[in-house]
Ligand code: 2AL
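Just one chain is shown here, as structure tokens, and it is the form predicted alone.
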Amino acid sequence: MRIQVINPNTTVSMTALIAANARAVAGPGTVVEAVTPATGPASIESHYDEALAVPGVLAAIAEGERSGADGYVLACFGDPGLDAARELAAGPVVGLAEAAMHAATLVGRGFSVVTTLSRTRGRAHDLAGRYVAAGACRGVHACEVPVLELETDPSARKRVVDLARQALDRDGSDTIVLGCAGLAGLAAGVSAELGVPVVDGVTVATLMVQSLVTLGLRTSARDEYARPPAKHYTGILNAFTLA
């Protein structure tokens, strides 16, 4: 089995972090291929960033289809281009926030999200409204560390832990969801400090895709997720024209 894990931003060091954590949980015989798109933003911290990340994601999906990938993980908490990716991919596609939020509902009654910047909180709330029952997501909290500084700011981990502890009390939650792929690898340590389940979407999404492929389950192409109608795209989108 070959799972393509796509980092929708173009920062290679973050792709390496994502890859290490995905490979750590993949089962025997599962090959994790981590991909950095050729085009897109260095990090995704706005709706503008997210929109401009989607062409790179779709190009990576198209290449994965040509090379025979069995399934895909979109490793960004905004799940950019998830629906479009499902229209292109033969195998299952799972988003980071989608996987993490679903998993959180299986190990607690309510969860809080700890993310990077406050301007991304609205997107997390929107996704929670789509993925989980009303009231399951009890709060979204920002540590105000930019995505790329998660690797370099020595205070970042402590800020995440402190904020998660406050969120548990403030929201009455019993589970924490890490709301950024750049936080991959912190779940076990933070969980040990707080004494509650802490969910990292990179690892959960990887195992979800692995399970779906093992079960022979793929996205239904009956209607909405059928391959998009063939049409011409102009200008810089010409390469995305479908036959």
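When you see a residue number, it is the position in the sequence shown, counting from 1. Because the structure is predicted, anything quoted here is derived from the model rather than measured.
The next section is about a form of this same protein that is not shown, the form predicted in complex with this ligand.
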Checklist entry - Ala205 near this ligand in the predicted complex, any heavy atom under 4.5 Å? => result no
Next on the checklist: Just checking whether Val177 would be counted as a contact of this ligand in the predicted complex - the rule being heavy atoms within 4.5 angstroms.
Outcome noted: no
Checklist entry - Is there any non-hydrogen atom of Asn9 lying within 4.5 Å of this ligand in the predicted complex? => result yes
Item to check | Distance check, Met14 to this ligand in the predicted complex, heavy atom within 4.5 Å | outcome: yes
Item to check | Location of this ligand contact in the predicted complex, chosen stretch of 125 to 133, 153 to 161, 83 to 91, 109 to 117 [non-hydrogen atom, 4.5 Å] | outcome: 109 to 117
Item to check | Sole residue of Cys137, Ala104, Cys143, Cys76 within 4.5 Å of this ligand in the predicted complex, by heavy atom | outcome: Cys76
Checklist entry - Of Ala69, Ile44, Val35, Val199, which residue is found within 4.5 angstroms of this ligand in the predicted complex when only non-hydrogen atoms are counted? => result Ile44
Checklist entry - Of 123 to 161, which residues get within 4.5 Å of this ligand in the predicted complex if you count heavy atoms? => result Val147
